[in-house]
Ligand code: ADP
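Have a look below at one chain only, the form predicted on its own, in structure tokens format.
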């Protein structure tokens, strides 16, 4: 295989290469993991908890090289540190929760007059994970951790855009030999991901709707489940009664954090006409105060576009909106300093015929549109093919919840933004084209990695075939 060049998002220079696996190498790795999985599955859950707990300690012990690699991958250091700490927290959380979830299934039986049954939870032997570039560590392991605790082996293909973190992470995995038997990373491009789907028993994919369709179709052909966490075009509704300063603070953060390169970023804002001008002024003031981490990577709030191509896409959306009558109140122009940055951009006079209001943006852009009635606000928020998450800001919780219950989205934050990114205990499903399959949050994040087998015991004499003789009807 030819080496794949990797561009540093901060400098715009190719500074890393890796060689993806050949088809034979990937198949051999999948076979190795399958062989090891049987022993892993047959161990107690307590053993698997112990192994994952030791992995958590190795992550923390190696935090400096891992976060340095993540920072090089993404052009942002503080978020890289947060990724590692959040991953350690996820391991701790699942290790605490898994025993109680397993206890719900172990030994529970149901009795009818002569038949009793119980379920056996059987983990998928090999789970494949195809993870994206925006949060390389978090989204590589968010599904892998509960799958491993369930007794699965896991094969992960991280994005070819951000592969640097795999080297130091592999050292942390190797430090826990039992884990290295059943967890493997193989960076590669699209062909590696396509082959992975054919080698596993279930696949978890995080990424765009376009690629998610391809993964889902391939999984259907392979007759395996696909858990798809796809894109969003998350709306926020600000009512006339809302605390406008609170809304402005949350919406700017929810749109700009990580340079807007998060699926739960707010990308559309609908504001009641009576408070529209006041709200826009507050948002512009807060957005204009945000700085980028150039020329000093140790300063500034917002990093570069991790994938330079995304900067081009965002600029195209802004240009299209301007051509159709939108006005830019701050930001608006992608800056090229080797890497590509965009200052937070607020637009008004936007309409739903603009790319900016239809397509996922994945950048620090805040288009603001006014509405007249609650029904109109809900209709605007439900516009389009996405239904990942949303936010509602209102003067009372009752008002906000009334509106939130009408929004077609898997998770709705009330008087804040992107709470789905920090609240892991509640299950949620993606609506419309934003995803498919069981929730990765809440108990389902663990239980979806099992198939249920029914073990059914007949205590009475079995029914003989003679009981179905048609002549019995004549008696």
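Positions refer to the first chain, counted from 1. Here the structure is a predicted model, which is why all the values come from computation and not from measurement.
Here the subject shifts to the form predicted in complex with adenosine-5'-diphosphate (ADP), a form of this protein not shown in this document.
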Interface membership of residue 205, adenosine-5'-diphosphate (ADP) in the predicted complex, 4.5 Å heavy atom rule: yes
4.5 Å heavy atom contact, residue 130 and adenosine-5'-diphosphate (ADP) in the predicted complex: yes
In the predicted complex, residue 295 touching adenosine-5'-diphosphate (ADP) (heavy atom, 4.5 Å): no
Residue 188 within 4.5 Å of adenosine-5'-diphosphate (ADP) in the predicted complex, heavy atoms: yes
Answer range among 248-256, 271-279, 156-164, 118-126 for contact with adenosine-5'-diphosphate (ADP), defined in the predicted complex as heavy atoms within 4.5 Å: 156-164
Single option in 401, 308, 88, 214 placed near adenosine-5'-diphosphate (ADP) in the predicted complex, where near means a heavy atom within 4.5 Å: 214
Candidate from 367, 193, 344, 136 lying within 4.5 Å of adenosine-5'-diphosphate (ADP) in the predicted complex - any heavy atom: 193
